[in-house]
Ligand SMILES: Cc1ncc(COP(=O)(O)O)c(C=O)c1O
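The chain below stands alone, shown as structure tokens; this is the form predicted alone.
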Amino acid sequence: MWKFPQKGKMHIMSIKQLMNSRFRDLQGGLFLTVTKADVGEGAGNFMKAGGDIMAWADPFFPDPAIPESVQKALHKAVDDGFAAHYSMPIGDFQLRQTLARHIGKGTGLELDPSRNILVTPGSDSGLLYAMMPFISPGDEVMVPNPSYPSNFLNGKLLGGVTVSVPLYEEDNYQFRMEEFEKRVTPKTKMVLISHPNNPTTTVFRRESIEALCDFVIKHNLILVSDQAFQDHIYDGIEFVHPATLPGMWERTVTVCSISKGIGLSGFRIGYIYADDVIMDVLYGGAVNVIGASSTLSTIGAIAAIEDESILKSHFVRLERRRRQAYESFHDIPGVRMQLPESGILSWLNISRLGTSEEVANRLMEDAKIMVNQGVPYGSQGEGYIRIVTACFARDEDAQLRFDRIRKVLLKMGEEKGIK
């Protein structure tokens, strides 16, 4: 049997020199250890060894999560045989119609499904594609820190430069506009936000969003707003859609998903909405860059969005779960935690216990649970961990894991003499 040649360091370096600088430094875990839970085989191997994953933003994972109404639609599609065929590269028209109604209810916007909406194979590809028409080599993209790891990397992949703008826990992670103003340059092209913010769960308040939009207009920039976690906002906090503010519709690209709120991460259905001047370009390149979304997933997505009881039921469940997580973690000596404002995550300040890496590794070793280190979410994430507290469908099963995490964190506090 033919064997692959061994890869020496010099061989790796010489091949990588043929790659462009945007990709050359990426690591997939084949030669060096990577810390991101969704890169390489690390998480898969951890699960095979009996560990639990609370590091993928996938609600109810690993339990069954397809609502009955969606199952019926999928079964019928398979029985009828239609699911074997392509959808439109820009997205099935019925799904775009359904999304136009859904978006309209939440925003008041009257969207044309043939001019303002594009379906993507998940919001990660949608986020990169939303940025592609605007970023030329050397263009700067301003990204709040901490933020979603892809926000820091995407600009580089497109040849641009990511400019990190710090957020602060003492501000509840709201924008300090002076931090933006002192970093803007003639090369600044875009501001990229996750709203609500991942990993902090922060909902940017109206004052923050309005100030940011004024900044975007003042400096003639594009705003890309990743709103994957928008479906569940707690405690009556107002959610302001940047695209609805004066002067912002024509310069905002909004990226959304059915993965977090509806809980159908495996369907890989995301969507973008924007002004038709922007959308015309995105439509023009869709078949080349993102291709067509899964037809079967599209049919399931239509059923899921049309069944409004799903989001309502999930809201009750997830609101209860975030309180359950807060009660489990917030009073641990050496840990600081705010009650999550949105979504499916919890963000813990564990800086008194150790570095993000030390705490995450200890949880893997002693609790057999994988959580996210804070550092991939930006330099401001050091001293924090992210836990996907919506994992596991049953509260009892989640609590078993919360208890294991709590036990390890308490032990770490005791070892450092924290009371």
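Everything numeric in this text was worked out from a predicted model, so none of it was measured. Heads up: residue numbers just count along the shown sequence, starting at 1.
Keep in mind the form predicted in complex with this ligand is missing from the figure; the text below concerns it.
Among residues of the shown chain, I332 is not one whose heavy atoms approach this ligand to within 4.5 Å in the predicted complex. Heavy atoms of D92 never reach within 4.5 Å of this ligand in the predicted complex, leaving it off the interface. Within this chain, E140 is remote from the site of this ligand in the predicted complex, having no heavy atom within 4.5 Å. Although the partner is absent here, A243 is not a contact residue: none of its heavy atoms lies within 4.5 angstroms of this ligand in the predicted complex. In summary, the region of this chain contacting this ligand in the predicted complex, judged by heavy atoms within 4.5 Å and restricted to 67 to 75, 288 to 296, 257 to 265, 309 to 317, corresponds to 257 to 265. Only one of S123, S328, T252, N145 comes within 4.5 Å of this ligand in the predicted complex through a heavy atom, and that residue is S123. Taking this ligand as it sits in the predicted complex, the stretch 46 to 69 comes within 4.5 angstroms of it through a non-hydrogen atom at just one residue, A57.
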